[in-house]
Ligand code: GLC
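Shown here is one chain on its own, the form predicted on its own, set out as structure tokens.
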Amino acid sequence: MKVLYASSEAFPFAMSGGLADVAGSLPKALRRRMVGARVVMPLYSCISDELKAKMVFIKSITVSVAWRRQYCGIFEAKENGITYYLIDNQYYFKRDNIYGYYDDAERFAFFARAVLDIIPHIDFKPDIIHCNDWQTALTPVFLDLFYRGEEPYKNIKTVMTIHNIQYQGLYGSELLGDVLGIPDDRAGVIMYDNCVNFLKGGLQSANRITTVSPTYAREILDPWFSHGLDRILFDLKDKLSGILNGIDYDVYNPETDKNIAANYSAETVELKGKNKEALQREVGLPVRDDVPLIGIVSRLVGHKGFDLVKCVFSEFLQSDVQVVILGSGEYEFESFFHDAAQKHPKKVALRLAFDPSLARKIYAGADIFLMPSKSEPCGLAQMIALRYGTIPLVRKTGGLNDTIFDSGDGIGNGFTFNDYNAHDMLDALYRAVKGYSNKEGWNILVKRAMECDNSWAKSASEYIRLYKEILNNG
């Protein structure tokens, strides 16, 4: 079985969020189970020179973008045992950022078609192309419209994974002919609510649809979560399933992580305290072992639940606690946390940045990890926190519901609340702070958290079963 994993970003080449982690981890887990898995992604200018130096040029071809023929360079690289194909076109991808440009529709229409056009020119004929989010959603559409009757495309199957349904690739109908090259009589596959909708086209065209947790698969059938796609998803629900993401246990490993002050395991969890002390010193908080340190590593945006935090933060800070926040996002929340850090320098530390090294230090050094999300398709941060023995406090939604279970029953691995309500969150925080004061019980909880298995092993096996089902039954 051969799987070509198409993604707009992948670790370690280019990263803006959880998709890159998945694209860098799942193919590796598949290979360990004897599945031929390779990754295709754009060759962005932001990729480090060190990684670019390892790339090998295969050849150049041209790719159709409606009436245009655009240059496409094919490069190959090997990282962590995985072969990556990187699609070069400086007009589209020599940018400071990965996304956020006026011509993103054209950029990723080019990439989606390049995924198909490179297949005759590489030594890898996939049985399945696994597409991810709207940036690759046109690949199943183009495959059915323009390639299906030709070799080597006749028997290729497709999987479409929704990582976050909020982002769909919505554009005006003028793109149909001028950018996508889709004739009017075939436009129905990609039109939805009078818009071109890239993701809708991929959902309708793919053989199977997956999303990143079982709970999220149920939630996106509800208009409250679906951002308008519930009608089409309800029609396609027989080919929809939720498979929980995992994390790479080689990358996130407190026993070997070079970013942290002291390495430790579930058997040497007492060494975790050295990381707390180092973190407190680095961010300028008083070094205290007797106070619970709450960590936040997140984009500071509304749907991550920071309106709840804002509502009760002053009340919570009346307790003997410390909070360290790493992230950036909406001005409302950046300025709020900045003011809080200024007013409470012994209780609140803020770093408005994307800093992977400091993130690891927070995962290792904090006691409690806060994720009060309004919606969270899967979430990886809570899994990383568990791996490092930092106890997640989450709202039960999406993948948070599938991975974190309240420790009030004596067997859970975190603290949870159900309703999207600031005082429900605050009650859970008070329970966690009280739990921290019981050192013996807390150490048992930390060890239990570290023994949770959120590696890719189980999830990769579920994907393999799905791939086999598609190949056997279509």
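In this text, all values refer to a predicted model and were calculated from it rather than measured experimentally. In this text, residue numbers run from 1 along the sequence as written.
Not on display, but discussed next: the form predicted together with the ligand.
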TODO: Examine residue 378 and determine whether its closest non-hydrogen atom to the ligand in the predicted bound form is within 4.5 angstroms.
DONE: yes
- [ ] With heavy atoms only and a cut-off of 4.5 Å, decide whether residue 10 touches the ligand in the predicted bound form.
- [x] no
Open item on the list: Whether residue 245 contacts the ligand in the predicted bound form should be assessed with a 4.5 Å heavy atom distance threshold; does it?
Closed with: yes
TODO: Report yes if any heavy atom of residue 212 sits within 4.5 Å of a heavy atom of the ligand in the predicted bound form; otherwise report no.
DONE: yes
Task: Partner-contacting position among 197, 164, 204, 83 - heavy atom within 4.5 Å of the ligand in the predicted bound form - done: 164
- [ ] Note which of 466, 19, 450, 460 lies within 4.5 Å of the ligand in the predicted bound form, where distance is taken over heavy atoms; exactly one does.
- [x] 19
Task: Listed range touching the ligand, judged in the predicted bound form by heavy atoms within 4.5 Å, from 369-377, 252-260, 325-333, 96-104 - done: 369-377
